[in-house]
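What follows is a single chain, given as structure tokens, in the form predicted on its own.
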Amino acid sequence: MTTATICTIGDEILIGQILDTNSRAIATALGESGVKVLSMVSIADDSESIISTMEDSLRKSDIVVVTGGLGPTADDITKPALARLSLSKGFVENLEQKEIIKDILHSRGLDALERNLSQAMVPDTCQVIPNRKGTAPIMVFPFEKDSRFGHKCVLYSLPGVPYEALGALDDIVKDLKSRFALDSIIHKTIMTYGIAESSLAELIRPWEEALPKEMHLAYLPNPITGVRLRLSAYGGVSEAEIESQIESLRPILGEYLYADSDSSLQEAIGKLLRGTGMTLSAAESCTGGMISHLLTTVSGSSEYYLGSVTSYAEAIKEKVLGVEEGIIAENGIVSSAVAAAMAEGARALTGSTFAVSTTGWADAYGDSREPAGTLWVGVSGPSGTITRRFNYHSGRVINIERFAASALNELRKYILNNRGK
């Protein structure tokens, strides 16, 4: 199996000034090409650190992809560090990149300063892939017979600007495929919701333990999308074999399984409603419009989603949704009865087939009836109204995200069980 290490260079990453989005995109491109990423490393703007980290990475991996530190300013030190690493005897000018630099600067109304043109100078030990999206060339350092690393390996140096780094990936993949015989790697993702990661692991433990050694399962939890399960197969395993394993998992997961690919609850709801003529509305209190936002992120949601009422105040629940004052007084604002009345009110107001509602305490404030973190969800449809209580213990923002996702999941299950009724 061909392996890789991804390295990002720059103090701005280590101090949290910018977010490293390059590594994720590079890892995805490598994985889809049959390269197994062993590690990701971030390095300070220090020549010795860069060289020692590159040497260690080249010993452990067949491919090293580096981003950052290739600009025209004094703090961009990647190129001279890589020159030392590759035992370069000097720098040579890459004429193609030089012309690209001139064209880019002139198109912006800028003069091509010597500082800019110097970016076309590269170590004589590297090969160049022209960077047509920026001024710093992509440098390729092959190490065919270097005893320091003990095996054939190659280092790719990319600009740190995401637009340029991501724009170079197709060329990088094409180049590495010419150097290595790559095995296939197959990733299959399925989505679950409504079960904690630890409980999910226990539920599917016998299935996971019986997996062939060429397959590996990863758990990827998220408060909005649930626990993503990614089954990866290495070493020539066919898609039919991995699909067979997924098929045997489906009945174990039951209603927790909501999508066969990297998806979301709102997309799953869209698939259930699209083309059926059935419609949907929402009545939100504690989620403050997040359910509406999530539903409308799905392309084509206007076919089935009619709208929502963000009834944050008690008066709006009563005047717009028709929740009776006595229901609130008797049961409390955060209660099964109020959630049910809100869902029924939204359905009556909009004429939708289904309606979902939320009422809850998102943070430290609760009342004598329900503690902080409590959520009541209501779902109303042709077969009646149901409610369900949840309680979460995160901060306000995460609680609201979980509230919205829990409501969407209850809605998804209700629609699934009531289609055609």
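Just so you know, these numbers come straight off a predicted model, no measurement behind them. Residue positions are given as counts along the sequence shown, with the first one as 1.
The same protein has a further form, the form predicted in complex with another copy of the chain, not shown here; the description that follows concerns it.
Within 4.5 Å of another copy of the chain in the predicted bound form, do we find a heavy atom from each of 16, 299 and 306? Every listed residue reaches another copy of the chain in the predicted bound form, so yes.
Tell me which of 138-146, 242-250, 284-292, 331-339 has residues with heavy atoms within 4.5 angstroms of another copy of the chain in the predicted bound form? Of the options, only 284-292 has residues within 4.5 Å of the partner.
Can any non-hydrogen atom of residue 42 be found within 4.5 angstroms of another copy of the chain in the predicted bound form? Taking the distances in the predicted bound form, the answer for residue 42 is yes, it comes within 4.5 Å of another copy of the chain.
With the partner left out here, check for me: in the predicted bound form, does some heavy atom of residue 55 sit within 4.5 Å of another copy of the chain? Contact with another copy of the chain, no.
Please determine whether residue 102 contacts another copy of the chain in the predicted bound form, using a 4.5 Å cut-off between heavy atoms. Output for residue 102 is no: heavy atoms all beyond 4.5 Å of another copy of the chain.
Taking heavy atoms only, is residue 391 within 4.5 angstroms of another copy of the chain in the predicted bound form? It does: once another copy of the chain is placed as it appears in the predicted bound form, residue 391 has a heavy atom within 4.5 Å of it.
The unique member of 274, 230, 89, 151 whose heavy atoms fall within 4.5 Å of another copy of the chain in the predicted bound form: In short, 230.
With another copy of the chain left out of view, which of 214, 197, 255, 96 would have a heavy atom within 4.5 Å of it in the predicted bound form? Exactly one residue meets the criterion: 197.
Residues within 4.5 Å of another copy of the chain in the predicted bound form, restricted to 305-323 and counted by heavy atom: Result: 305, 306, 307, 308, 309, 310, 311, 312, 313, 316, 319, 320.
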